[in-house]
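The chain below stands alone and is given in structure tokens; this is the form predicted alone.
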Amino acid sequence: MVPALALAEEAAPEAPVDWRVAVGRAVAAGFAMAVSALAAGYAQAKIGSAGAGTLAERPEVSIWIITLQALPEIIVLLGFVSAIMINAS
């Protein structure tokens, strides 16, 4: 009963955000996402070409090549999370 009463309070009205701040946040979020995506693409290109050469000589290490190929995707995910956090603040 008490928690329900605590949640019944109205939220304080939000202060209006200046349009320049909103544009700055959007640009920063887009920049974070773009840089992380470009970095991941560059890393995957380098790892992919080196991995193809390695697989030609040693096919038994294919699981390591696949793992190394997937690691740059984490960079994109971190950029995406950063973009969300920048926009949400």
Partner chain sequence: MSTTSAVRPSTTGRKDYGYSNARVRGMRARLLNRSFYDTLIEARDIQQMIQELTSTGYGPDLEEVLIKGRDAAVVDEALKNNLVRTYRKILGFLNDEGRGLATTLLGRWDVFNIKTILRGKHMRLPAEEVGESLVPAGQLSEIELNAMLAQDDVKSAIDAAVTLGLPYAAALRYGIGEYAKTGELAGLELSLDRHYAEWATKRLSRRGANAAIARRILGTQIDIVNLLTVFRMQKADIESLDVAQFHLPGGLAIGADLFEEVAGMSDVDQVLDRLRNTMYGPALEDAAMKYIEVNSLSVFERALEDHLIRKVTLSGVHDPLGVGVVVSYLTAKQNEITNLRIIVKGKSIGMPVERVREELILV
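Keep in mind the model is a prediction, meaning the values are calculated, not measured. Numbering follows the first chain given and starts at 1.
Below, we turn to the form predicted together with the partner chain, even though it does not appear here.
- For residue 36, no non-hydrogen atom is located within 4.5 Å of the partner chain in the model of the complex, even though that partner is not displayed.
- When contacts are judged by a 4.5 Å heavy atom cut-off, residue 49 counts as touching the partner chain in the model of the complex.
- Contact annotation for residue 44: none of its heavy atoms lies within 4.5 Å of the partner chain in the model of the complex.
- The closest non-hydrogen atom of residue 56 lies within 4.5 Å of the partner chain in the model of the complex.
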